[in-house]
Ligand SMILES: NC(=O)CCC(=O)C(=O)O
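One chain is shown next in structure tokens, namely the form predicted alone.
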């Protein structure tokens, strides 16, 4: 069996509103900087909507076309460095509308998954401009199963539990989580890790746009709920090495999944 240890780097970057060319250049610079570190990352994670930010009323003409140049760039970058890239999410335009879409690419450049955000955040008017996704995602990370969701999705414990029951040992969460809800961010991410006994790896942006300020605090949390790496409120690279065998160890010590009684969890009218 291949090693289940992975060195993870989260790119906690600022995002220039409605300027995808600039943001792609900056993302490339951050990736190149991350690859200078020792140990070099096996997995790099970008934040949510890093190509345009929440320029929702201006997406026509700046959102990425489906399977467009950014996808090619993410694929080529993953292959160039021989790493897995969880490409945050991007605003994407299709014939059916705009989507908040996550792509992940393998070290050979092949696409591992595409996931459209299923819970749209009404406080930032997402539902007025974007279409919701209709399915969850699991994808391979070496020999283990990984999952990915986006930002507001972490408020739905049913989603995280569904992914864990399907075998996920690590959950990637790119975000644009704004002030003042830092307590919610840290608590929800930690709870999802503890209750599902899996790693939670969340990359949040920093900076501000026309309506919101973003606090960073990107986090890598182990299956015990211990925060093993956390960013501050400035741009930077947050890194840690994870061992996915720990998830199985924790699940063996506290058999939450074996002790579930789902027949009693259904609402009784």
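Note that the structure is a prediction, hence the values are computed from the model and not measured. Numbering follows the first chain given and starts at 1.
We do not show the form predicted in complex with the ligand, though everything after this point is about it.
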Report the stretch among 127-135, 69-77, 177-185, 91-99 that approaches the ligand in the model of the complex to within 4.5 Å, counting heavy atoms only.
177-185
Triplet 104, 139 and 171 all within 4.5 Å of the ligand in the model of the complex via a heavy atom:
no
At the 4.5 Å heavy atom threshold, is residue 151 in contact with the ligand in the model of the complex?
yes
Would residue 192 show up as a contact with the ligand in the model of the complex if we use heavy atoms at 4.5 Å?
no
Taking heavy atoms and a 4.5 Å cut-off, does residue 48 contact the ligand in the model of the complex?
yes
Exercise: residue 121 in contact with the ligand in the model of the complex, heavy atom 4.5 Å
yes
